[in-house]
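The chain below stands alone and is given as structure tokens, in the form predicted on its own.
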Amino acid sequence: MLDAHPRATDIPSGTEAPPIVTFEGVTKRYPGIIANDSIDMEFRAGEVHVLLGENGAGKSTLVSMLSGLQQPDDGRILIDGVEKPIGSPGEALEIGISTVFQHSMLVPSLTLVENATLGRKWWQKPDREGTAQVMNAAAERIGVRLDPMALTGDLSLGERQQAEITRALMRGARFLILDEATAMLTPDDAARLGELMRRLAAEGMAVVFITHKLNEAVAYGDRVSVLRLGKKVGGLSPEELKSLDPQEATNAVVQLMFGTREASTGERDRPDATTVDRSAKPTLELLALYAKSGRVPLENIEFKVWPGEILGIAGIDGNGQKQLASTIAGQAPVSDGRIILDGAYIDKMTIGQRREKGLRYVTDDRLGEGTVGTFPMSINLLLKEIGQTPYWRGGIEQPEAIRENARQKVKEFDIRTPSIDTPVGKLSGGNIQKVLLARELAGAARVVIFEKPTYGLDLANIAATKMRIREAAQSGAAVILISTELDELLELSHRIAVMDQGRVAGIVENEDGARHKIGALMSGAEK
């Protein structure tokens, strides 16, 4: 299916298109760190150029400079062969550079149409109806359905990502940057986006695609560049990608990223179901749970989770998974039904009371919901313990106790930060995730809800997060793992529940044939 459109590897040698953007010795420094170190790179028309690297490797900084959000400290940026700094996001748009960032840049209080009209001439009345028609046409191109009049804040993260991709296409850019654009998409939508990238490249557009999924890099990329610790350590040219089979290309990329040829192949072993004693009392039980808040109401949700069990929640994004997590955690009200934790009803309890009972929630919205980006990392580690001893006494902050807690968490969870006083919003996505894990897994956790915990992470941080999930279950906690990555659920979960339109369509034991059963439930072929 992916070979239905031309790619740069199919272009005869000697006919390479000129670069739209060229980096020559580009360097960007922040206090205590060199984010990009003498980067030489070309982004050519007619190519899908994939950027790979661990979190903190420098990809986000490079994208920020391409988008006009940051300027280099050293080196030159050439546009169409002429030196021209990209001084602002507005200048980037004028050049034809449009970016879809990993974290949503849409205004939650505005509709999708209103977001699409932002930045236009202020003295002209927005043409909402015309913009809605253009948005629908652009969305149709990538196979997504959007309601242009929907309030952005009511959308799931996956739907917001799709809206941002659509908005970028509406601008008619000749240089499109997709930062983790497939992370929240279903496999079918991700494949359609891959085909779209190929079509856009065939039409002469330069596409920069940032992903942590090596299969996507190999399948969609015409050229691959790998960053490590701020440096470009190598890559694969169109000719090399053409000469290597997918596994050889994957091994070559892993070698560049991690200095090892060990590549993950095949399916991993499933968790041992015999480690879960279902003759005992369940730790968490949901009885005929209804919740009307959110875009997809929950209807008659029932399941149990036992000590040491990981219950996966599968389903296409936007089918009530977010509402389920928020309702159990206490962030959304229960309309009817009960939530039972260790034999006690908690559905009327506050968030703080549920936390005291041992309920923990690791949200997927790391910056918008999970942390306060402008607060120091040390305070974010204690956001849910503000005012409590030993970090506060009589309402007075105890700085040394706060700092000592941060130092311990940095060491235990390998949080890579210039300082414990660094605003958490300045950290990479992987390190923000470590802050959330350090905070939520502290103390006596009885139930832990992980919502898309590996979204947007690099391979090393994905492995570290999966280890934390397993450790939480091994410690005796009941774990709910919400993910749109079926392979991840099959790797980690003892059972997998499938959500469809706010209901549990079925629960599948993770055994032979589980993938087929889950797929049938997700597609509606089986109930």
Partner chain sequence: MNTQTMTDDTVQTTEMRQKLRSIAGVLLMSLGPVLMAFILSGVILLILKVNPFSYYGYVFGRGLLSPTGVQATLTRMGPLLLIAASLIVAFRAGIWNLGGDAQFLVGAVFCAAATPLMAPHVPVWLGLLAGAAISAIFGGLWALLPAFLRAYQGLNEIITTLMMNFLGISLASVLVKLVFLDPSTTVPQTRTLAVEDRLPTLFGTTISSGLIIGLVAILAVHFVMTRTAFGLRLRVVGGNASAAVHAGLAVPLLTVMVFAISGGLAGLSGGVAILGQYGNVRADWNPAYSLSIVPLVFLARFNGFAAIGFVGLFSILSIGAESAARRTGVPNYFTLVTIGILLVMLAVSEYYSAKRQKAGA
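This is a predicted model, so every value here is computed, not measured. Residue numbers count along the first chain shown, from 1.
The following text describes the form predicted in complex with the partner chain, which does not appear among the structures shown.
This chain is drawn without the partner chain; in the predicted complex, the residue among 439, 198, 354, 223 with a heavy atom within 4.5 Å of it is 439. Among the residues 370, 235, 453, 238, the one placing a heavy atom within 4.5 Å of the partner chain in the predicted complex is 370. With a 4.5 Å cutoff on heavy atoms, residue 70 counts as touching the partner chain in the predicted complex. Contact between residue 502 and the partner chain in the predicted complex is not found at the 4.5 Å heavy atom cutoff. For residue 396, a non-hydrogen atom is located within 4.5 Å of the partner chain in the predicted complex, even though that partner is not displayed. The partner chain is not shown here, but in the predicted complex it comes within 4.5 Å of a heavy atom of residue 421.
Shown here without its partner, the chain carries 379, 387 and 410, all of which come within 4.5 Å of the partner chain in the predicted complex through at least one heavy atom. The stretch that touches the partner chain in the predicted complex, counting heavy atoms within 4.5 Å, is 355-363, out of 107-115, 274-282, 338-346, 355-363. Residues of 286-310 placing a heavy atom within 4.5 Å of the partner chain in the predicted complex: none.
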